[in-house]
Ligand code: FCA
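In structure tokens, one chain follows: the form predicted alone.
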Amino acid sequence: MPSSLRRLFERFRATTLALAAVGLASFLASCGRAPETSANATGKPAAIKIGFLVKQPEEPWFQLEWRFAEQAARDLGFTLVKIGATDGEKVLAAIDNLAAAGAQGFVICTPDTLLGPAIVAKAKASNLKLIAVDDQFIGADKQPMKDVHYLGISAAKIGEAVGDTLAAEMKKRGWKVDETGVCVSTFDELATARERTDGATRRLLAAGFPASRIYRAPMRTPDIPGSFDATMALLTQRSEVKQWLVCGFNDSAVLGAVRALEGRGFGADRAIAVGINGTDCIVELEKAKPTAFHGSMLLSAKAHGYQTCEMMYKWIKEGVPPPLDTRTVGVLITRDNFRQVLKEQGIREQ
């Protein structure tokens, strides 16, 4: 072989071997590297986008949840999509829209817990991760769907705290049991509501209050007018009661009862009412003249808004699923401490 041809051949072989070595090194490196979040056409990691669907976007509680979800988005660096989904049709349409917009998961407080199976099926079909918040999904068997990730309220414990508060305040005032009645504003169509009111009555019974003097006021609608109407009917039936203790599944249920009691002459000196939520009763606690609304168990909107988004973010980014069941508890706020507690919770600056 001529020397010129031999030199050309050697250069070709060296170049080929070098390219092969580079390719092999790249291949081995890629095999040893864990996959990251999905990449776009530029090779950069795709942005994380999380939806947050609520059933009553105009309510203060859900406004607070969104506010803390926005804080999580700023702190962690993801895109938050807030959606008010007030019925089943809007929920399913919202899930489709999130998938089309490139979201990887969503948090939802469903307008109907029985929509659980349909929401789960739609999320799976859209390849979206899912966390239920506030209200736990109910399956076709009418039981809670415990295989769906959920962050909610420890409804029974919060209801029990309400019952303990009512019993303690009644004892403090020296009221006689045989002159006192308990008005329980109920809405048993919602499992969480039933757990709360059952918890309150359970603790009153444990404190020695007779079951014969605990009266249920079933609400047709889960709002202040619904509670007002139910309580007015009860007061007409039990005109002999001199003092009232009042509990319900949220602040609105209790405030409706308080308004009805006021109409019959029961003020702060003859009624003790304790709500649940703590965000829908601030105006009541700020009134110059005390009303029968003694206080409320403040729930943690920050945990429900921020923590759910943080869990979803880590699930998407790091592949770490959250616990299947996370529960929060409340703290009692009254006219004496509500400003300080709201400040500590990050709800108010002063």
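Residue positions are given as counts along the sequence shown, with the first one as 1. Note that the structure is a prediction, hence the values are computed from the model and not measured.
We do not show the form predicted together with alpha-D-fucopyranose (FCA), though everything after this point is about it.
Novice: Check whether Asn277 has any heavy atom within 4.5 Å of a heavy atom of alpha-D-fucopyranose (FCA) in the predicted bound form, and answer yes or no.
Specialist: Although alpha-D-fucopyranose (FCA) is absent here, Asn277 would touch it in the predicted bound form, with heavy atoms inside 4.5 Å.
Novice: Quick check on Gln56: any heavy atom within 4.5 Å of alpha-D-fucopyranose (FCA) in the predicted bound form?
Specialist: Contact check for Gln56: yes, within 4.5 Å of alpha-D-fucopyranose (FCA) in the predicted bound form.
Novice: In the predicted bound form, does Leu299 have a heavy atom within 4.5 Å of alpha-D-fucopyranose (FCA)?
Specialist: Yes, Leu299 lies within 4.5 Å of alpha-D-fucopyranose (FCA) in the predicted bound form.
Novice: Is Trp61 close to alpha-D-fucopyranose (FCA) in the predicted bound form, meaning a heavy atom pair under 4.5 Å apart or at it?
Specialist: Flag for Trp61 set to yes.
Novice: Quick one: find which of 100-108, 234-242, 133-141, 177-185 has residues within 4.5 Å of alpha-D-fucopyranose (FCA) in the predicted bound form by heavy atom distance.
Specialist: Going by heavy atoms within 4.5 Å, the stretch is 133-141.
Novice: To verify the annotation, which of these, Ala260, Ile153, Ala271, Ile95, has a non-hydrogen atom within 4.5 Å of alpha-D-fucopyranose (FCA) in the predicted bound form?
Specialist: That would be Ile153.
Novice: Does anything in 254-269 come within 4.5 Å of alpha-D-fucopyranose (FCA) in the predicted bound form by heavy atoms, and if so which residues, in order?
Specialist: The stretch 254-269, when checked against alpha-D-fucopyranose (FCA) in the predicted bound form, contributes no residue at the 4.5 Å heavy-atom cut-off.
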